[in-house]
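Only one chain comes next, encoded as structure tokens, the form predicted on its own.
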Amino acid sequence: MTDTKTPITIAYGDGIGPEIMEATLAILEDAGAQIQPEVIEIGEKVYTRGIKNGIEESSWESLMRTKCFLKAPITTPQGGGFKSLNVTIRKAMAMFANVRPCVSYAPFVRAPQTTMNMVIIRENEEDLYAGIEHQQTDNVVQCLKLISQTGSERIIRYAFEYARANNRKKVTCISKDNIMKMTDGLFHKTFRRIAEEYPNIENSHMIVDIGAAKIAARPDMFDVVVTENLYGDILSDIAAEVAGSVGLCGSANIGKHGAMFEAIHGSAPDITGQGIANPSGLLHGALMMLQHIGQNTVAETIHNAWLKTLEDGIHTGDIYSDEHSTARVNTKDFTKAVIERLGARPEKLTAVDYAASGAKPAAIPDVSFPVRGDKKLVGIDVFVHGDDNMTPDALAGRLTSLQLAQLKLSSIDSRGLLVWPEATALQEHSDHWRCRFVSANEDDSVTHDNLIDLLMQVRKAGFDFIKTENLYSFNGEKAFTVAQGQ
């Protein structure tokens, strides 16, 4: 251990945050962690001062300098345009990887599945969590799902590097590429390519619905899971609950420009101030932080003391059971019990040995943008806010009467379901139509001027176009999907 203290930024957060942060820091101090905390204020109090992202400019200076953030849970006000602070910090500091270990501590913590010992590695910056949403008509809103090749490659490589660094044997990719063939398809295709570079690590793929079911029913099938942002958020909570309690799990957010460590649970306003909160989730986040800054010995000492505390049946109310608990304790007494056991090791639960397990930070991969391909503009999707009494045939009749030199109407769909030239099902009323125009000659490309001319005519014809998407081919292959039923 070095005598030089590592500066870290800490935030006490909202709700039970101050209680569990105080407990966590007390354990770290007694264990000899060489850290120099710098306190910033974030969350509800900052939001209520009118700062929409929940963090003041002065706090960024500490974060950017220490590049290490231990954060208690916060409360984000509902509505009013307030942005998630977690997402803001992750994206601002390029923390592309969310790492969530989920372990069962049965029988001392009741668990639906006693074999849980997996790590879920979740892409942290894109997918639907980009938060790009629009209301397009009175009836329809949209949320854009953005998946990049570089983002996919970075998180997938990190997952394999994590497995290698921590002696994990298998990486499972979870996606929904049977439905979202381009976005999730890109993620899965990237996984298959990168897996070939790690022949000593087993790999597999599952569709997210059956993957979630298997995590709940057969967690022994998994070791490291890598997945997209939304799926990872959901799956990690499933895994944590199946392991015994969401309240026991911490997480790390890792990137080239910094790292953030936290509990995965929220601010729990219903028990705030009662002194009964379990600090274990934030403590596990702090253990990941200590490993990140090279203080493995301290982390190992705390982790084994915590395991011994569980084993001795000293439990907060959220994990208390008549069968395996010897004392129901509050936050301060649980903290005291962990501190009293520093230096002890569990006898029935498996003690951690970071050196023997090979636990170390995973390499953060460098990725390159793909080589620019042969890109050809071949058409445009024009989304129209129409009269909800308009039929697809009437809409098509008006659009086909437009005087277009290079484009023709090829299809109309409503929320992805084909309604013209052939309807695939009986249609409800709609005010949201996607009208696809393609090159009048299949072998020809079109120009942006052609698209501008089309949009001018659509507007002159009295239509409200609410969104457009250009249609391209890349290297001779269509780079867009067709409507359901087409």
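Since we're looking at a predicted model, the values are computed, not measured. From 1 onward, residues are counted along the sequence shown.
Quick note: we don't show the form predicted together with nicotinamide-adenine-dinucleotide, though the next part is all about it.
- Residue contact check for A11: none of its heavy atoms lie within 4.5 Å of nicotinamide-adenine-dinucleotide in the model of the complex.
- Residue contact check for K308: none of its heavy atoms lie within 4.5 Å of nicotinamide-adenine-dinucleotide in the model of the complex.
- Mapping the unseen interface onto this chain, P73 counts among the residues with a heavy atom inside 4.5 Å of nicotinamide-adenine-dinucleotide in the model of the complex.
- Put simply, S148 is far from nicotinamide-adenine-dinucleotide in the model of the complex: not one heavy atom of it is within 4.5 Å.
- Partner contact region in the model of the complex: 276-284, out of 107-115, 199-207, 212-220, 276-284, criterion any non-hydrogen atom within 4.5 Å of nicotinamide-adenine-dinucleotide.
- Of the candidates V246, L186, V298, M288, V246 is the one whose heavy atoms come within 4.5 Å of nicotinamide-adenine-dinucleotide in the model of the complex; the others do not.
- Proximity to nicotinamide-adenine-dinucleotide in the model of the complex, defined as a heavy atom within 4.5 Å, holds among E133, D270, D366, E347 only for D270.
- Contact annotation for 16-32: a single residue, I16, has a non-hydrogen atom within 4.5 angstroms of nicotinamide-adenine-dinucleotide in the model of the complex.
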